[in-house]
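Take a look at this single chain in structure tokens; it is the form predicted alone.
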């Protein structure tokens, strides 16, 4: 019963994130790769994505705040993060990365500053949601492991 409740809670939370436009259906593909042999797949994927995004955003901020903006590397990282966020289903973050990349390709510093602010906002929303999903996933894994003992 508890496992069913957690599964329903997880499904409801993910649907809420979809309704808000934070996640798209790609996240279901990530979930579909979780197996009984690899119950930590979603957790590992979320952790890897968040680590990459944290590092990428920090680096992009440095590129933008330097005395001379490094548009080339800013463009490359925004492209990388767009792909990463798309692959996990973070649609609003992916769109923010796309817009930042366009501003960077145009060497538009003000557009990049605004784009970074939007990217950070969208990432924070996505990260908060993914952290909540991860907490529920951990509970479900713990319950499953206790059930096997």
Partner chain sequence: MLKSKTGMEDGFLSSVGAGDSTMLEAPTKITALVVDDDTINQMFHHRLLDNLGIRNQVVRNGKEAIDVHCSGKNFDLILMDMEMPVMNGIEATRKLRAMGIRSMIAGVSTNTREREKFMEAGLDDYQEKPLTTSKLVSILHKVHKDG
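Numbering follows the first chain given and starts at 1. Bear in mind the structure is a predicted one, so any value in this text is a computation, not a measurement.
FYI, the form predicted in complex with the partner chain isn't displayed, but the following is about it.
- Every residue of the trio 38, 44 and 48 has some heavy atom no more than 4.5 Å from the partner chain in the model of the complex.
- Residue contact with the partner chain in the model of the complex: residue 86 places a heavy atom within 4.5 Å of it.
- In the model of the complex, the partner chain lies within 4.5 Å of some heavy atom of residue 26.
- The partner chain in the model of the complex comes within 4.5 Å of a heavy atom belonging to residue 52.
- Contact annotation for residue 30: at least one heavy atom lies within 4.5 Å of the partner chain in the model of the complex.
- The chain is drawn here without the partner chain; in the model of the complex, the stretch among 86-94, 120-128, 107-115, 62-70 whose residues come within 4.5 Å of it by any heavy atom is 86-94.
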